[in-house]
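Here's a solo chain for you in structure tokens, the form predicted on its own.
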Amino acid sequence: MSGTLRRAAAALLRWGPGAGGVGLRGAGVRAAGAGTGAGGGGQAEQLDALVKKDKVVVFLKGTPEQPQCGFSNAVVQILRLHGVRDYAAYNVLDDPELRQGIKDYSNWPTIPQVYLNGEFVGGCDILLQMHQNGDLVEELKKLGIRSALLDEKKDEDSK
């Protein structure tokens, strides 16, 4: 395991806001909160549109810049570790209807929730497992996103 990967893994285990380095906002991260239109009639259709709008969508507690729970922080850090900068992030703490609505939509009781190409992947535990066993690299490749970990491995192999 490379030094960078070891440090990132240690940061994931710390579970603290901002663990793992400098600011969390990548150039493409789009945060949304209140006013997402998740409540009311047609909630499932509205949520369906939200999860399909971008290749990578995350519903979390807080924002990518300031996750408000360790699990949300871990998801942000995993995406960051893979170099995923262009994703939509929805803060469920800003909208109680969105918070419950996304749980009902996915039939998954916890936040954060990750969607890839409109399909529900799971929460922090699932994303961490995918990261650890290499499945996340493959899933990102299917979306046309090259994991930054591939570049790191290539650099390490050339040494």
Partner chain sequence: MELSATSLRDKLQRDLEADHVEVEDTTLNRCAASFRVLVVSAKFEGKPLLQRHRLVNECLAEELPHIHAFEQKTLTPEQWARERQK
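Just so we're clear, the structure is a prediction, and the values are computed from it rather than from any experiment. Numbering follows the first chain given and starts at 1.
Here the subject shifts to the form predicted in complex with its partner chain, a form of this protein not shown in this document.
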For a quick test of understanding: in the predicted complex, does each of Tyr87, Gly144 and Ala148 have a heavy atom within 4.5 Å of its partner chain?
no
Can you work out which of Val56, Val92, Val121, Leu47 has a heavy atom no more than 4.5 Å from its partner chain in the predicted complex?
Val121
With the partner left out here, check for me: in the predicted complex, does some heavy atom of Gly134 sit within 4.5 Å of its partner chain?
no
Ser106, heavy atom within 4.5 angstroms of its partner chain in the predicted complex
yes
Do any residues of 121-137 have a non-hydrogen atom within 4.5 angstroms of its partner chain in the predicted complex? If so, which ones, in sequence order?
Val121, Gly122, Asp125, Ile126, Gln129
